[in-house]
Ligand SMILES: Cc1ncc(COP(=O)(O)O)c(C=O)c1O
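Take a look at this one chain, the form predicted on its own, written out in structure tokens.
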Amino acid sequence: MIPVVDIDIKEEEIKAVKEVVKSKFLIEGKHARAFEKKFSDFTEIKYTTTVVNGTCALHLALVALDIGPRDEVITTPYTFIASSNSILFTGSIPVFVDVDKETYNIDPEKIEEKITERTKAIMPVHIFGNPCDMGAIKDIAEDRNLVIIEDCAQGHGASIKGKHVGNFGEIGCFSFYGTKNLIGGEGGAVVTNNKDLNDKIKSIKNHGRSPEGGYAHYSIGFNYRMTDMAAAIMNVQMNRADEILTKRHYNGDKYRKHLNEIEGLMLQKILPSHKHSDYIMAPLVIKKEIRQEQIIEYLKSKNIGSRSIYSILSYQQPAYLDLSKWHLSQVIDYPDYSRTSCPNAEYIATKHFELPMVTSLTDDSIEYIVEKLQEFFRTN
């Protein structure tokens, strides 16, 4: 089976973890500090703070920006549930805006109509590593006095006009989950170009302590520190970032060259001057008579890994259909998400399929995958 997930770990990462374990200093320390420096250099964002995972990064960003109970945060329903869950953690209300049918990203033209007097922030998600239309989103945010939290969980290596994602809002949030382009097993990062925000983030993530340390606590914070074992893996991954991302971009370009020629398929559109991270390749089946499950099962029968991703939109999740059990439900009047409708997101959710994009892919593997897709669409 050509895998959809194949983590790119080499002997260097294993050696780095062994050294941390042997040192007996397993908590966040010198490896985390070294990674923060490398990641800031990589993204050209002034400040990076490591956290335990990408979900905590989003939660921390919202708290640092004083987003709280009954505030509204505009986001996309077509993403991993962590995006909207992090909003709920603060007592805020996720407001779902439909996506553009071609880019799969939140549609700026639909944001304006969802803004109310309670709207405080926009959380765009660079889905699959495809940068959102941040120019248009920034114009709206500035005009309506809103903050932007970029969900860059899938965006390692993605950029707009040469500027890495995470640079376009007040705060950017990254994940280093085991399937991402750059990984730590778990792990996340909060990035910002604002020193005051950075100091606040570092304090809140460590129980409200001063970033300089000590046992005085200046706010009610969290324990979102990462382990130095995860940081050690990420340090090595940063040393290999060019190698890893170059291979993913190569795979993405090769796919796009051949798949664009297949009638019945539509690839995720990349806007001009935008660079995809090539985290996930997920075309749409635009032939009405072909079901999502049909092509996924066909690919698996040919030993090609495939699956659907986010086929249940955030507002369709069982937990969101009854928020009365949520711990803040007695004081917050949550929307009835069963009434939410985002037609483009619903279409993409039921018509996409994932193809292998891992760094272990060979040219022969990609050519085989393309050949089998051509055969499928010739006969269906």
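When you see a residue number, it is the position in the sequence shown, counting from 1. Everything quoted here is computed from the prediction, not taken from an experiment.
From this point on, the text means the form predicted together with this ligand, which you will not see here.
Checked against this ligand in the model of the complex, the candidates V125, I74, V99, I201 yield a single residue with a heavy atom inside 4.5 Å, and that residue is V125.
Put simply, of Y255, Y104, Y310, F168 only one has a heavy atom within 4.5 Å of this ligand in the model of the complex, and it is Y310. This ligand is not drawn, but in the model of the complex it has a heavy atom within 4.5 Å of K180. For the chain shown alone, A230 is not a contact residue for this ligand in the model of the complex, no non-hydrogen atom being within 4.5 angstroms. Using a 4.5 angstroms limit between non-hydrogen atoms, Q237 is distant from this ligand in the model of the complex.
Mapping the unseen interface onto this chain, S277 falls outside it, with no heavy atom inside 4.5 Å of this ligand in the model of the complex. Remark: of stretches 130 to 138, 105 to 113, 287 to 295, 170 to 178, the one touching this ligand in the model of the complex is 170 to 178 (heavy atom within 4.5 Å). Of the residues in 43 to 79, those that come within 4.5 Å of this ligand in the model of the complex through at least one heavy atom are, in sequence order, N53, G54, T55, L58, T79.
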